[in-house]
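One chain follows as structure tokens, the form predicted on its own.
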Amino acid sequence: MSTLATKSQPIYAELEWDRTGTHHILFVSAEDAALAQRLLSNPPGGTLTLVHLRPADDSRSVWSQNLPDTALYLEAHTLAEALEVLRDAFYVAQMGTRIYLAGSEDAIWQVSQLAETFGVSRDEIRHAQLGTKARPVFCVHCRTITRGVHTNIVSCSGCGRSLFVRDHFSRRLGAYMGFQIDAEVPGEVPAAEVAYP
């Protein structure tokens, strides 16, 4: 684990099954052969649903290769599709369901927010960041979320302001805070640097 600049930043522990659960929903949006092997070679008790977000042109996934015969495998090619599949899964979920999210911060926190709308508590959701470190950034000026941000300064997709990407993370919004960098001296914007590969 890395040292965090602020207390609000999520700390991602290694993903483990909660064996007190009776049904398990695993969402993945990144390939990780070691994690797939570790989780799927020793599946949890109860039923398992795997929702996999992967590009349509992707070769055979490590997740589908390691899946137990009894698990339900559902595939989506966009995050919007995955959220619809998950909405259906959460709608029929009962007490004892546990949620596991592995992928980019943007994807896992959008799924986490969706799960919470169905009454899933934060204690029943486990997060693991995999793949890109790109951040979702919430503009405090126009309340728009700009997604897939790799740099420390980004142009807001809503109002166009140049935002400085802070390390402060809002779990409610599922995004990092962005503040206008040239508020005091309009037009004085330093060069953006790649900070989140």
Partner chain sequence: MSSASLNVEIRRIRDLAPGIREFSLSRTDGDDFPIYSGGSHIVLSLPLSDRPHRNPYSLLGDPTDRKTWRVAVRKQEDSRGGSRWLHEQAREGMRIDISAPVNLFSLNRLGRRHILVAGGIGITPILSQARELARLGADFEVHYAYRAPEYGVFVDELEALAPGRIHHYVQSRREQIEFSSLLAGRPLGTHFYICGPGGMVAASMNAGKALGWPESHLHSEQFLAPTGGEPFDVQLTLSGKAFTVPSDLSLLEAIEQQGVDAPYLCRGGACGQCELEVVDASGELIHHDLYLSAEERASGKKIMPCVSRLKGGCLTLNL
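Given the structure is predicted, the values throughout are model-derived calculations rather than measurements. Residue numbers count along the first chain shown, from 1.
Omitted here: the form predicted in complex with its partner chain. The next part is about that form.
Asks: Flag residue 98 as yes or no: does it have a non-hydrogen atom within 4.5 angstroms of any non-hydrogen atom of its partner chain in the model of the complex?
Replies: Residue-level check for residue 98: yes, a contact with its partner chain.
Asks: Tell me, yes or no, whether residue 118 is in contact with its partner chain in the model of the complex, where a contact means a heavy atom of each within 4.5 Å.
Replies: Close contact exists here: in the model of the complex, residue 118 approaches its partner chain to within 4.5 Å, heavy atoms only.
Asks: At 4.5 Å between heavy atoms, is residue 20 in contact with its partner chain in the model of the complex?
Replies: It does: once its partner chain is placed as it appears in the model of the complex, residue 20 has a heavy atom within 4.5 Å of it.
Asks: Is residue 124 close enough to touch its partner chain in the model of the complex, meaning at least one heavy atom pair within 4.5 Å?
Replies: Close contact exists here: in the model of the complex, residue 124 approaches its partner chain to within 4.5 Å, heavy atoms only.
Asks: If we check its partner chain in the model of the complex, which of the residues in 151 to 185 reach within 4.5 angstroms of it by a non-hydrogen atom?
Replies: Heavy-atom contacts to its partner chain in the model of the complex: nothing from 151 to 185.
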